[in-house]
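Okay, so we've got the same protein chain twice, two forms, each given alone as structure tokens, structure 1 and structure 2.
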Structure 1
């Protein structure tokens, strides 16, 4: 079978809602599809569901041509062994040219397994996707040093990529999808992992992916009272606190507060970057922000090219004054 189409893993949450990243990938898939002749978009849902009609309608509304459904009562909650093997078999039954998966921890599990079983290439945490020479998938991602970006091609099929939430924008289109129910012999899958306890964490205050205003700190703030000032400013602005990977490595923020390629992609109205140099891995995470305000004492820091308002200055002097201004403003 000649590989055809773009297969998307339609991850759902505990309440059977489609994850936002799936809709974003569908929208992107629509634009990729236009560039290659005669392709279809398939979305694969795995789980135990009652209301499929709604699911099919919704996936269709974002661009899916076909919705492939695998349903079994053993699939009620995510199980890595079952889900990975099932998705692999789907990819074998409907060989696609391209597989796109959201870079959630679940998506990454599945992507690694599928690429190994299909002996094909996988590019992780892409920051852009396009169709390049010979109709191949062009996956973009920052390179190690953080000052350069690389376009990556894959010489085997399917070409696989994972993408974080918020990299692409989801757009509804007027379309309907057809359903296909696939039967997979789950009894044949040997499950060696038994879940004995599962605690779902409540969406805590530090959910930066949906924050309106973010104050983020980098290495420059990782000393003395740098992060205390960041927290104070954030409190006054009703903002969330975030940081760079270095700030995470130094223990000033949690992993869930890390912004960037290997953290979260954010899109607040205002992003205030304090003591952050602006490596590409950081910049890809803040590109979609409304306004970016930068405080850095090195006027040559690459982050300034992304600034709507740039302040060249020492954060330990600028932040206390800024906090005072916010206070004054609040009084009147």
Structure 2
């Protein structure tokens, strides 16, 4: 069967809601579709047995032509063995030209398995997608630790890429999708994983890709009590804590809190950059932010060019004053 179409893994959360990155991929798929003639957009949902009517409408509203659903109560909780093999079989049953998967922990799990089973290439953590020569998928991703970007042409089919959240803007087009319920014999899948217990870890880095407010620290905050002040301000603002690659390498943040080309792409309503100079690879990670507030003692720091509000000053003096002001506002 000739490969046709763009297949997207439609990841859902614990409450059976479509993850934001899926809508972003659907929007991008619509623009890719315009450059390669006659490609249908398919969204694959894997999960428990529920009423999928609203989900089908939502996926169609963002560009899906078809919604392929595999449902079984054994799929209520993510299981790498089941989900990866099911998505592989869907790709074989509906051979696509392109497969797009969000670069979430789950998405990366599935993408690696599927690319191996289908014996095809995979470009990971992409920051842009286009159609290049010979109508091949052109994927852009960071390389050399985020210092450079590379444009990669995928010459094997299906052409696969994982894409970070907040790279593309999700836009509704109010299309109506056709639903297809595929039956996959789960009993024939050798399950090598048994979920004994599931614990959701809560911390200040939780889902920074979806955070409304982020307080992030760079090299300037990596001393004394710099990050202690950042955490305190974040608590006052009900914000998430993040940082640059240097902050991660020095042990002040987790990898999941790293923002930038080699970390996460974020799009909060407010991004407060503390002691961050603004290297290109860091700015890529915050370009879609609503308001950017910069605190830096170097008035010539590149990040000031992108600031909506800039404060030139010592963060160890500025942050305590900001914290006091936030407390005053709460008292009022």
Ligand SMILES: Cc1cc2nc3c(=O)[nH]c(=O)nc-3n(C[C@H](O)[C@H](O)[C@H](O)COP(=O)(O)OP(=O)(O)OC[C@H]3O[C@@H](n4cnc5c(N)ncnc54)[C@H](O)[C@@H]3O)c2cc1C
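Residue numbers count along the first chain shown, from 1. Superpose the two forms; the largest set of C-alphas matching within 1.5 Å is the rigid core. Source: prediction; values computed, not measured.
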property: Pair member that is the form predicted alone; result: 2
property: Threshold 2 Å Cα movement between the two structures at residue 59, rigid core reference; result: no
property: Post core alignment: residue 130 C-alpha displaced by 2 Å or more between the two structures; result: no
property: Core-aligned C-alpha movement of residue 240 between the two structures, 2 Å or more; result: yes
property: Cα displacement of residue 268 between the two structures, core-superposed (Å); result: 3.4
property: Rigid-core-superposed Cα shift at residue 279 between the two structures, Å; result: 5.2
